[in-house]
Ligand SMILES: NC(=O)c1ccc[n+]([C@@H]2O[C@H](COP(=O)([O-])OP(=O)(O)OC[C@H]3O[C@@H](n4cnc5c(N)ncnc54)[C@H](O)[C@@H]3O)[C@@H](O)[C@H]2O)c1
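Shown next as structure tokens: one chain only, the form predicted on its own.
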């Protein structure tokens, strides 16, 4: 008999799925991916006619999880004029052996969970052990989840939060202060970066926000917003100071935080020290000195979608979440 399909909304994920369970799963996923046994076709992006937005399809098979996912996302910036979300999508989880559709989940929040979890894994392995101040640049949904995830891997004494929409940053600070039991200060980008031990960028910016002169020696940066060549969050002159790691070097050189610097010959295509998964497995050294600036360039991988989908599916099954549908 064909198994039924669980359908989960964004509210189901926000209310019942624990991001802290996703972080170790993403850590294992990045390490296991270095074995070369996963299937990870390139992301397929369609530029919609008239420049109205993009449609993107990402798939991945993860051997360790023995799961297959397919994700279709839509970005339409003009939707804001119609009071509609600018990004929408679905993530589908399949049994790779039978082809059964196990789960359909709203993909935007699920993607934010796995992206924030990757930022946290990078901070765990690359930030100084005595890091005390976290700065999160961007207070949208990704920034919110980065605060929650990264704060769980280090005992920060303070979190600084910046967004060009100050009321948005203030709302996120109010929402998360009690949950995290860590003071959250709304600050300017310069204030946040100058005092930070760990900086996490979580924006859609196409102009640099984090300036070279603001970043102290010994800082770690998890750069999570630049997943297209047109996006950039750090001033290019900062990048040569950094020991840089990718989630997957071959993809990041084309679309990641460093891609524009490579195009302008500020960096070479060999600028990466390695993949984060290689640091986790001990194949490549991570931070090599206390005053070194480290940077994780995370554009997101299909196997991360598979991993977060499996975690959500397991949590949803255990808690009886969502609506169950029999397609066959």
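Keep in mind the model is a prediction, meaning the values are calculated, not measured. Rigid core (definition): largest C-alpha set, two forms, superposition within 1.5 Å. Numbering follows the first chain given and starts at 1.
Quick note: we don't show the form predicted together with the ligand, though the next part is all about it.
At a distance threshold of 4.5 angstroms between non-hydrogen atoms, residue 231 is in contact with the ligand in the model of the complex. In the model of the complex, residue 142 approaches the ligand with a heavy atom inside 4.5 Å. Although the partner is absent here, residue 245 lies well away from the ligand in the model of the complex, with no heavy atom inside 4.5 Å. Proximity of residue 74 to the ligand in the model of the complex: non-hydrogen atoms within 4.5 Å are absent; the residue sits far from the partner. Of the residues 92, 205, 152, 131, just one reaches the ligand in the model of the complex with a heavy atom at 4.5 Å or closer; this is 205.
With the partner omitted here, the residue from 186, 103, 209, 253 that has a non-hydrogen atom within 4.5 angstroms of the ligand in the model of the complex is 209. Residues within 4.5 angstroms of the ligand in the model of the complex, judged by any non-hydrogen atom, belong to 296 to 304 and to none of the other stretches in 283 to 291, 31 to 39, 296 to 304, 270 to 278. Along 154 to 189, residues 162, 163, 164, 165, 168 each place a heavy atom within 4.5 Å of the ligand in the model of the complex. With the core held fixed, the Cα of residue 54 is displaced between this form and the one not shown by 2 Å or more. Core-superposed comparison between this form and the one not shown: the CA of residue 287 stays below a 2 Å shift.
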